[in-house]
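The same protein chain appears twice below, in two forms, each given on its own as structure tokens and labelled structure 1 and structure 2.
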Structure 1
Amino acid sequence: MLFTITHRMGDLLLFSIVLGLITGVYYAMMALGLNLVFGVMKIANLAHGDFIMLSAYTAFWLYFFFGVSPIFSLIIVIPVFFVLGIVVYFAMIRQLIKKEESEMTSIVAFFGLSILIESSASLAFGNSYRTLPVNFLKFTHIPFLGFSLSTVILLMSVISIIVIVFLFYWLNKTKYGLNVRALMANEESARAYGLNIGMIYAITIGIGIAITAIAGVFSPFLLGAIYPSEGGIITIIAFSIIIIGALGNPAATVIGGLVYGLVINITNIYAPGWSYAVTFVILVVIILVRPNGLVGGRLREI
């Protein structure tokens, strides 16, 4: 339960707006890796949601077999998925970006990868729904605006903010991060400048997948139970978020996440059962009306 009504019917709308913002930063983090990868190498990772699913399973099994709390499982999940990202780079992306129509080809390839991961997971883990216990924190709920708010949601929010701040620090203050930004702004001149593009690509997708994996660990608390085929819908949600912001612009993803959090939480009050349908219709409309996103125009700038 995200919240329960404690003493009286408080201001439900105000609460869901606040909840929308709190969960919005998590949604932003969930989509951040996808946009980083797209911004840098023009690869639309249709297997994004499947990496979330994989890391959720990793956290689940770590808890199930060894009793590792989700917080501590990050210590294992982050490096493992960083390496996994680099493997994806060398196994697929390096071949794909050489192709004539690399954007189209890579979309198909990652669609295949998505199916591959999903069916492997269903073979390995079975199709039953799994979830992580919320009681690994001392307090499970705190009173808030007349409702009670799950502390896990707050924790996720804090971790998301830390991750987002870390990413922007990396992009703006470190040598590697600045190279990544140079590459996003203009690949031609970055190439002419003599940057080791392959290396930057590999590191970027490593970091992108690692961030995605952090989001995956906490996904059962917000995106629902873990099951092998959950990836598809998560991929589309993540794409909705980055397109609402601006495709290829990580900073705008934060805005996309917040907007998505608000839309989901508010439709949950006024039209429960329609929140997904509404989201996808909004997405299609936004793509058609403002293909550069709400922040548009300044595409590929940070």
Structure 2
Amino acid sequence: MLFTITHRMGDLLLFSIVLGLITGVYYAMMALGLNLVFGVMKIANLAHGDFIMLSAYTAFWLYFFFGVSPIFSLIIVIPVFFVLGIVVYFAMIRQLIKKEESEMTSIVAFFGLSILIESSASLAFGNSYRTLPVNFLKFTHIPFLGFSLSTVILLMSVISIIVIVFLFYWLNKTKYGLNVRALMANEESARAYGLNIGMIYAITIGIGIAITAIAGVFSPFLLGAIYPSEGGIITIIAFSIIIIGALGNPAATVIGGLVYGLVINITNIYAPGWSYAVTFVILVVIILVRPNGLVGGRLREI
């Protein structure tokens, strides 16, 4: 009997590790846009979670009114939020980066934007909790190690991997992406080479918010219901992930996401009520021991 219980706990631990890696890829994508924008412009987007919330509402209303599957809603969500990111650049960021102490100024400005988005969403959508159904897929669950694994979570993980690979391909193999890397490495040299800095900034934040919006479409399946005030919590999670990896380094976001996913899922076995607390304790330890993040020393620039 003891062997059976121990064997079952071993399977549960293994299942949690696998689930942690699967969800960790999503968490990495969720924070990727935030770290990309910070790495290029040194702008702290405190409205990051609010863009995820808006994207989740967009996917919900597309499904509710038109029956559009969350997968196909990406066809609408990606270009809309890409354009929204460019609008945010010309409306806010272009003025912010001209100021001294632009990082601190951006914190104040995006905190105000976060409050504006949250208040507007509350007025427009109400404070009721909403969610998306999982039955838009033919099979909702598959057996794994004697447990049930959501096919939506698997799909979410696959899409996250595709997005991450796309971003790193764009950064490393395209002319525009290489210009972004050059700007991240040394802004003064990039200006000396005659790069169009403003256009690079605009495209970068457009891509960053578009990636954030992709995460938003799938957020109800992992983070729970959609509601206007969820943005602040999501922003805290995203900042935790990028600090665990390395602040300002998009590549390290993948490490941060995987660590976060593993800690959350494994802790849920042994201390379900303490999963977020344990995560933030680990975050504090990392900050004290390695202020640049787990891989900040090696992968600070990509």
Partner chain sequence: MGLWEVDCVRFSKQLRTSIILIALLLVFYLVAPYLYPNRSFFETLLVLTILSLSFNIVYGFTGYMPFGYAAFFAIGAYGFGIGIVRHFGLVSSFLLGGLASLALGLIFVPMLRLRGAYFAIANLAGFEGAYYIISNQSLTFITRGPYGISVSSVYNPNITYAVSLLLLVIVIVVTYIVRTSNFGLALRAIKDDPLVASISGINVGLYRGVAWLSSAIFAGLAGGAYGWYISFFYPSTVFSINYSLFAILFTIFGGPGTIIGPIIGTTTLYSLYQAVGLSYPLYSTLAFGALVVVLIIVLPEGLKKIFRKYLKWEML
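Keep in mind the model is a prediction, meaning the values are calculated, not measured. Structure 1 provides the reference sequence; residues are numbered from 1 along it. Whichever C-alpha set is largest while still superposing within 1.5 Å between the two forms counts as the rigid core.
Taken from the structure described as the form predicted together with its partner chain is structure 1, whereas structure 2 is drawn from elsewhere. Once both forms are overlaid on the rigid core, the distance between the two CA positions of residue 17 between the two structures is under 2 angstroms. Here the two forms are laid over each other by their core, and the C-alpha of residue 280 is off by 2.3 Å between the two structures.
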